[in-house]
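Just the one chain here, laid out as structure tokens, in the form predicted alone.
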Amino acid sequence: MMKYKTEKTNIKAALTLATAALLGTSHLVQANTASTVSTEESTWEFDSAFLFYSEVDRVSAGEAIFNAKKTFADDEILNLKLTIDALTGASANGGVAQPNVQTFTRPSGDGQYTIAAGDTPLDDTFHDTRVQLNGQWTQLIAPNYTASGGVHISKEYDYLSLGINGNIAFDFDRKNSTFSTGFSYFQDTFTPEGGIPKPFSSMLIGDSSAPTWDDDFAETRIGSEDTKITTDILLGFTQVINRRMITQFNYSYSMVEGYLTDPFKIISVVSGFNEIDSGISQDYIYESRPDSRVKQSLYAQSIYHFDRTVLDVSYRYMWDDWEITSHTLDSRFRIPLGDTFGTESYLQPHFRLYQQSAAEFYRPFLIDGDTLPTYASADYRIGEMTTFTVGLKYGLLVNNGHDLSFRLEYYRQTPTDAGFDEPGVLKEVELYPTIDAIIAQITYSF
């Protein structure tokens, strides 16, 4: 295949590469800069990072990332990425807090756990390790046309994800404008411990050593595994405004079909408003979600290079056919410190605000005796919420220009009442607990 090169780096590439290197916004330039950088010989670039995430009294996660990028002499780019996650701790099972001790069966059906009075039910069996591999190849296929394709594989204890993706970018207006279109296709397979629960079946609670326990537990299952397929389409436009400013606009369409229910989530069925013990849990049933979801989003990002500082601001609006809508405002501001500490360094404050409405089938609880809805889930992640993240990143040059950075952030998630009246004792417990977390990351690029 004939290879095409450009003679020099244009304004967009110069500004984009500079800001991407400083702010880590490589998603803005994935295919757009491949046609603008020529090298005399093949080179390797490496990025490594370790991230620690910890929620108060809940889930903790450690993540190691290693990324290798090779730019060949003909401007072809190979990108390889390895991610390893280790998760542990306790995760909300969907049940509501009660004024009495509650007992739940573990997802495997082997054993039970108890929750103290007034506490949010948390399943402490949440342990998993994920290994993910991604490979991406990018090259010019014609003057002003750049193509990119990649593969994805991710494996957890009970989850396998396989995917492919592709992208084509077209530069015009003296390479100051770029239109891109891309797609991805993923097939995921679930093999949850204990099998796939039967929607709205009651959680089996009792003596797990009883002779009929295994048969009774099997009655609450519909199989050992299930799958889902995700297809994404992305349309993007990038424009250089002037020598200081670059903008990007994206529209994305995502269609998911298959098993979308969380096999580990339940819903509390509580006594009604007219009962003496109003609000007391009478049963725990497994959730049920639709087997399809269509999501769409609009995204806008602008990066402005002042004389010394760089401002990166983005906004995303998402909506889907589950009636979830969300707004995300994200901003970073890079402040160079010069050689104040004996080397080139910078500070980068970060602020992110996220607001989400609830899915149409979100129910924090169900009332005993009422007709069951077609779908229902008490998972707070699809409920109404507001979150914010605030943090600071410090970076410096070490070892002949290698980049070392440290990031520390605070995250708060505040679920809110989506308009449900609480019967009886539920008025006395915390139905929508706030979640606080700390995020720490170390990154080294060489």
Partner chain sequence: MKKNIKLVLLVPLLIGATGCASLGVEPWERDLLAKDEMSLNASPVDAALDDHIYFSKEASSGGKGFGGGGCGCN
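Residue numbers count along the first chain shown, from 1. For clarity, every value in this text was computed on a predicted model and none was experimentally measured.
Another form exists, predicted in complex with its partner chain; not displayed. Remarks below refer to it.
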| query | Exactly one of 220, 208, 326, 282 has a non-hydrogen atom within 4.5 Å of its partner chain in the predicted complex; which residue is it? | reply | 326
| field | Sole residue of 200, 365, 333, 354 within 4.5 Å of its partner chain in the predicted complex, by heavy atom | value | 354
| task | Decide whether residue 245 counts as a contact residue for its partner chain in the predicted complex under a heavy atom distance cut-off of 4.5 Å. | result | yes
| Do residue 384 and its partner chain come within 4.5 Å of each other in the predicted complex, heavy atoms counted? | no
| Close approach of residue 267 to its partner chain in the predicted complex, 4.5 Å, heavy atom | no
| query | Taking the shortest heavy atom distance, is residue 317 within 4.5 Å of its partner chain in the predicted complex? | reply | yes
| said: Can you tell me which of 101-109, 138-146, 114-122, 297-305 lies within 4.5 Å of its partner chain in the predicted complex, counting heavy atoms only? | reply: 297-305
| said: With its partner chain taken in the predicted complex, which residues across 79-104 come within 4.5 angstroms through any non-hydrogen atom? | reply: 81, 85, 91
